[in-house]
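What follows is one chain in structure tokens, specifically the form predicted alone.
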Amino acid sequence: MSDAPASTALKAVAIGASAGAVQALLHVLPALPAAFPLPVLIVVHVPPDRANALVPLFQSKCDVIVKEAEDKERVAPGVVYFAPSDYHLLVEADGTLSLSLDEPVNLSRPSIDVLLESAADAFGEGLIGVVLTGANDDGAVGLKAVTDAGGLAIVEDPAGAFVPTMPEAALRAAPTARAMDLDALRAFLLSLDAA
């Protein structure tokens, strides 16, 4: 994709998803090559009383490294970090990860807004923020923070989303975001590897 920013300027991809997240992410993450040039930070709304099954599921299907984010861990390219169940995932100014038990935001912990806002602060224009399918408006404020910081905002095209509520809210908050279906999102991310 010719309008993909140069990958040398990019620092991270941050993705948020809720209802329908597994199906959407299965469409995108397994396509990423082992040498994908960016870290990928992901918040999926997982019930706090349930073990997070996302990591083993995606480990078995992806060439990139897939792991649960750890407190004080430094992000690395070619690694997908999932927020642990019942913890907010934040990015510190030095590029390390932080886990928090602060109050839920938008009734969610982990919260997509918390990840996107902290990642926008840390990475600025080097961040690609993505909001996928979901049934609430978590991620809308965070995606606006991404665009305000000069980062690139992408929203799953609501017309094809499993639940369009979250992408629609994100587009209202960040109207300059690019709407892409999952095929286009996958192709866009793969273009970063070739840049």
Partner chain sequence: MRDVIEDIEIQLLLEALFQRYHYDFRHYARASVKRRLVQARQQLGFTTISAMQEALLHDAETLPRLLNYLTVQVSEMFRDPSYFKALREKVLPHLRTYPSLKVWIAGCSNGEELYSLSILFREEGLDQRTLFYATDINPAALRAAEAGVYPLDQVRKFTENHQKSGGKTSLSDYYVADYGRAVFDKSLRAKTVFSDHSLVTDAVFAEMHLISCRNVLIYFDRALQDRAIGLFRDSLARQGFLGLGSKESLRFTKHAASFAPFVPAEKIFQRREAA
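Residue numbers count along the first chain shown, from 1. Quick caveat: nothing in here was measured; it's all calculated off a predicted structure.
This protein has a second form, the form predicted together with the partner chain, left out of what is shown; the following refers to that one.
Taking the partner from the other structure, the partner chain in the model of the complex has no heavy atom within 4.5 Å of any heavy atom of residue 168. Under a 4.5 angstroms non-hydrogen atom cutoff, the partner chain in the model of the complex has residue 92 among its neighbouring residues. Contact check for residue 137: no non-hydrogen atom falls within 4.5 Å of the partner chain in the model of the complex.
The closest non-hydrogen atom of residue 105 lies within 4.5 Å of the partner chain in the model of the complex. In the model of the complex, no residue of 144-168 lies within 4.5 Å of the partner chain by any heavy atom.
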